Ligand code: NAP
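One chain comes next, on its own, written as structure tokens: the form predicted on its own.
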Amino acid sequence: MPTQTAIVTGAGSGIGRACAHQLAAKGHAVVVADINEAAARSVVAEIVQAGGRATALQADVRHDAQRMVDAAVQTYGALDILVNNAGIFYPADFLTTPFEDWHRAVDVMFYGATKCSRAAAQQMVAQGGGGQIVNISSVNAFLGAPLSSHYNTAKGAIDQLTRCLAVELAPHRILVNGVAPGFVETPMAVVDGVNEHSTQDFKQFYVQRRRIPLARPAEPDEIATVVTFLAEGTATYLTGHTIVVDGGLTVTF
């Protein structure tokens, strides 16, 4: 596989960090973008120590899409891969949460992915076409849950963005796909100081009763493996689809 250049957003921790590591291990150059500069620099140090190529960039996906693309091109000469991973979660009661707070999740995840995809696609077209965009969705995109209307709505919109961009960018040989994780051991699993995977409710319902057939949450690397498969573009006839990676969670109904 020829060396490519990738941007991974929200790459300072969790799934994004794992994606950056795996892409670098495959020989690709990676722009590790995160709103937390220290976290991005830490990931880059890990990648460089392992013999990979990476550069850190403090960036907010709501405002810095073009700056991320410019950094990739200026540092590595081109842009071939975009992984839209940046995300946030916080409980939001639909009846009482101020609309501005509710909307923040949509701004970061949906509009952030939209802005980054446009800037990346424009660069890929300018280079002559070709490239891969991978959007990190969630099983919550098609499931209902309390206190999550903002998050689930944003993820559902990302799935539709994946389908529409796959059609619109196909003439430019740009593949657009998504990955929808289930429960994953990341910092996002910690809500109000409690890791939901450590609670008795989670252990009894999802593990002991095997609501998740594999009886455990995923590790970030297990999600990143699927992201990397899509990001490298070796599946040349696969576009417009979101692959569910949930340990079987959504087949147990």
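Only a predicted model underlies this, so the values are computations on that prediction, with no experimental measurement involved. Residue indices: 1-based, along the sequence shown.
Just so it is clear, the following notes concern the form predicted together with the ligand, a form of the same protein that is not shown.
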Next on the checklist: Please pick out the stretch from 200-208, 52-60, 23-31, 224-232 that is in contact with the ligand in the model of the complex, where contact means heavy atoms within 4.5 Å.
Outcome noted: 52-60
Checklist entry - Just to confirm, residue 143 within 4.5 Å of the ligand in the model of the complex by heavy atoms? => result no
Item to check | Any non-hydrogen atom of residue 105 within 4.5 angstroms of the ligand in the model of the complex | outcome: no
Next on the checklist: How about residue 35 - does it come within 4.5 Å of the ligand in the model of the complex, if we only consider non-hydrogen atoms?
Outcome noted: yes
Checklist entry - Just to confirm, residue 110 within 4.5 Å of the ligand in the model of the complex by heavy atoms? => result no
Item to check | Contact residue in the model of the complex, chosen from 176, 136, 154, 82 - any heavy atom within 4.5 Å of the ligand | outcome: 136
Checklist entry - Looking in the model of the complex, is the ligand within 4.5 angstroms of a heavy atom from every one of 74, 77 and 131? => result no
Item to check | Heavy atom contacts to the ligand in the model of the complex at 4.5 Å, residues of 11-33 in sequence order | outcome: 12, 13, 14, 15, 16
